[in-house]
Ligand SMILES: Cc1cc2nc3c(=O)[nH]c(=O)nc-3n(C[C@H](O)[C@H](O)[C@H](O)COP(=O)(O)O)c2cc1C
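Here we start with a single chain on its own, the form predicted on its own, put down as structure tokens.
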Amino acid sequence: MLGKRFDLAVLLILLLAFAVTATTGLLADYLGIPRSLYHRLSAYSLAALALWHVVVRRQQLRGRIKAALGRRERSGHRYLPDSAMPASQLRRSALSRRSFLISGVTGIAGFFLGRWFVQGGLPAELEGADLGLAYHEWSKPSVTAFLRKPLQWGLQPPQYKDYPSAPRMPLPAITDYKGLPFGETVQRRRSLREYAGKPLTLEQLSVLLHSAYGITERTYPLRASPSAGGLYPLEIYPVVNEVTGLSSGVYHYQPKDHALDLIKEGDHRSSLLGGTGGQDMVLKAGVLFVITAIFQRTRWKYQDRAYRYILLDAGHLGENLYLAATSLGLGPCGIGAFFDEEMNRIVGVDGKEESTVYLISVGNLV
């Protein structure tokens, strides 16, 4: 009896490990994650469990192999073919027609109910459509499109986001910064994921933020990276793991004063790991830059083209950050595969009026 329970426990654990490995692998492939810590760990666990099962149950496995080859065990035990089994045992082991019919009907009903719940709120013409392509078509400029779309898209919101009650940390002024020559910086630029886990300096963080979205001309004002209409819809939330002179936590970059507002103190690496689907470079990065968009800053002017322009803005900012990190001898890596709700929760935004659109990790290289 104890042996049967042991076999059942081992089988269930193996099935669980297999399910987790398959699920994390499919999820990583769907999200385009080049490597996931969760998938690697579950795959190692599955391999270890399978090997352990083979070692512990080697006698039984050997007996089953011999039986399959038509041999008998020395003990005289033999495996009965289905034709030699008692009729009552066959009835118990077989799947009845009624059970098969109920399972099939339930599966079909669940499939259509799932499709109804997921897509029930969409317009009829978008049922089953690629929403990215549908948006692209819907946002193309034309006279007919102009006539059938709303004329009023809301008011222009404030250009800067403030956290008046948050502790503020001024960043070092950018004075004598000298990095690599531009041509060499472009030649060296790569997405790098292997970090040494050493802290960045406060001066390096200051250069990164200023190069990405800092104010470079105060009359208008204008910033380091271009933006459609000079509207600057993006916000940067540096999630600090290791920076000399800064405590770990979630910060908000205030370009108006070139300063950081501390939103949430503490180590958030485990949340970052979950929010990126197990991409383990976020654990050793000095900083993970969470880039969000306040959509109305662009929507009020550019209407249905707003989302296109916002993503272009995020790309401009990201490339500036890449080049600045490369020039400083650091390793940048853009992350497009993340769970929106989890990342929005970490930085404290609602996911509707303001939402995460891009992540970039930066760390010291190994």
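Remember, predicted model here, so these are calculated numbers, not experimental data. Start at 1 with the first residue shown and count on from there.
The form predicted in complex with the named molecule is left out here; the points below concern that form.
- The stretch among 212 to 220, 292 to 300, 190 to 198, 267 to 275 whose residues place heavy atoms within 4.5 Å of the named molecule in the predicted bound form is 190 to 198.
- The listed set 317, 310, 335, 324 contains one residue whose heavy atoms approach the named molecule in the predicted bound form to within 4.5 Å, identified as 335.
- Put simply, residue 279 is close to the named molecule in the predicted bound form: some heavy atom of it is within 4.5 Å.
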